[in-house]
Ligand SMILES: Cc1ncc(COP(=O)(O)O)c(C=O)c1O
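Only one chain is given next, in structure tokens, and it is the form predicted alone.
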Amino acid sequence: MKYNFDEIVERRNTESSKWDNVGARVGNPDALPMWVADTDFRCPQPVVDAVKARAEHMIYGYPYVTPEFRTATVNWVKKRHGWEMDPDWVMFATGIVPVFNTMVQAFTEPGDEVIIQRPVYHPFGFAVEDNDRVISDSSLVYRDGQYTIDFEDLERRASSPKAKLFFLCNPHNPVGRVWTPEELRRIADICLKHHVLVISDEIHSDLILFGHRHIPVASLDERYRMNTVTCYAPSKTFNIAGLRGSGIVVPNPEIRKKLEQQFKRNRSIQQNVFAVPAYVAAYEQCEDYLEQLLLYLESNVDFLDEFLRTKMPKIKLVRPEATYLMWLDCSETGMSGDSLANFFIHESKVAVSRGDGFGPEGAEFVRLNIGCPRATLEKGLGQILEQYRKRF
């Protein structure tokens, strides 16, 4: 099926957090929403059909996780990422963010340390601090427009007796890195050596750009597999985050049992009645949608990059290897934190995600969502350019 990603779909008055709640979230209800990580593209038709078919039954009682959920996950990951999994490893979750909290509760005690790599997806930090654990921030190194890992710092933090978990973001949100097999092996070896459990958030793993390849860290070695919990979801790939379905892959039976027990204690294992049908349809019938989407996103990245270089050279794109979330280096503008947010959100009227929301390392950055029709991207960039010219 041919999909039209140039189509403008009206999202206002649809209870959309991105569009209808933008004022509460960023402080300006008139700002063009280019912030939170959902796209402005229609869902693939097989997902729509699956939801409609379930809705037409007209009884929405308690569902259960069918075997098809696990089979769809196993087949998708094998085909896209080359990792052959056992269906028994796959657990259902209503979303990856709630599972961050569940895993912190299951595998650590108050006062324990959880390693993260800022700037990074902010719910990592929330899950740690909201549960009275301690963030151990092994910040990424930014040099010459690229982010790398400080392995010496990572090992030092992992060697702490209080370090129990490491949250890995692969591909990394917001900096767009796809970690190489060599980098992943070094991470996994350090964590094994110091008995630190790896929680690998791979929710953006389908959105790989420009010839890069996603490698699940757990696929590289049986030892890594037994020390890793891997998180997948079709939500970003197919724009179905509101249906609340994720797959958590836990090969180690002892770790899986602990996680199951924590789910039970939290009473957080029941799903939306539409979640599994949509999840299965996405993974079983929608690969053609993804292939077309990736080409469109690459085109948007190239457009953005060229626009910034030729018209707003003080704002630089950190060239992404994955995702539709662009990390913009604004350090040459002289703005940071509140002043930078004010420039984008209030002066330019473009709702971006503040860089310092991903950690203090992001104070001179913003995150821009280009998962939108080209016309929307052009509109947003045009509004930014107008204010840029007034300043520079």
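Computed from a predicted structure; not experimentally measured. For every residue, the number given is its place in the sequence shown, counted from 1.
Omitted from view is the form predicted together with the ligand, to which the following refers.
Peer 1: Spell out, yes or no, whether the shortest heavy atom distance between Pro216 and the ligand in the predicted complex is within 4.5 Å.
Peer 2: Looking in the predicted complex, residue contacts with the ligand do not include Pro216, since no heavy atom lies within 4.5 Å.
Peer 1: With a cut-off of 4.5 Å between heavy atoms, is Met312 one of the residues that contacts the ligand in the predicted complex?
Peer 2: Close contact is absent here: in the predicted complex, Met312 is far from the ligand, nothing within 4.5 Å, heavy atoms only.
Peer 1: Please tell me whether any heavy atom belonging to Gly95 falls inside 4.5 Å of a heavy atom of the ligand, as the geometry stands in the predicted complex.
Peer 2: Gly95 belongs to the contact set for the ligand.
Peer 1: Does the 4.5 Å heavy atom contact test between His204 and the ligand in the predicted complex come out positive?
Peer 2: Yes, contact at 4.5 Å.
Peer 1: Which one, Leu32, Val26, Ala37, Met326, lies within 4.5 Å of the ligand in the predicted complex by heavy atoms?
Peer 2: When the ligand is considered in the predicted complex, the option within 4.5 Å is Ala37.
Peer 1: Considering non-hydrogen atoms and a 4.5 Å limit, which listed residue (Trp76, Phe100, Tyr289, Phe274) is close to the ligand in the predicted complex?
Peer 2: Filtering the options by heavy-atom distance leaves Phe100.
Peer 1: Specify the contacting stretch among 68-76, 188-196, 139-147, 166-174, defined as having any heavy atom within 4.5 Å of the ligand in the predicted complex.
Peer 2: The contacting stretch is 166-174.
Peer 1: May I ask whether Tyr121, Lys236 and Arg244 all come within 4.5 angstroms of the ligand in the predicted complex, judged by heavy atoms?
Peer 2: All of them do, each having a heavy atom within 4.5 Å of the partner.
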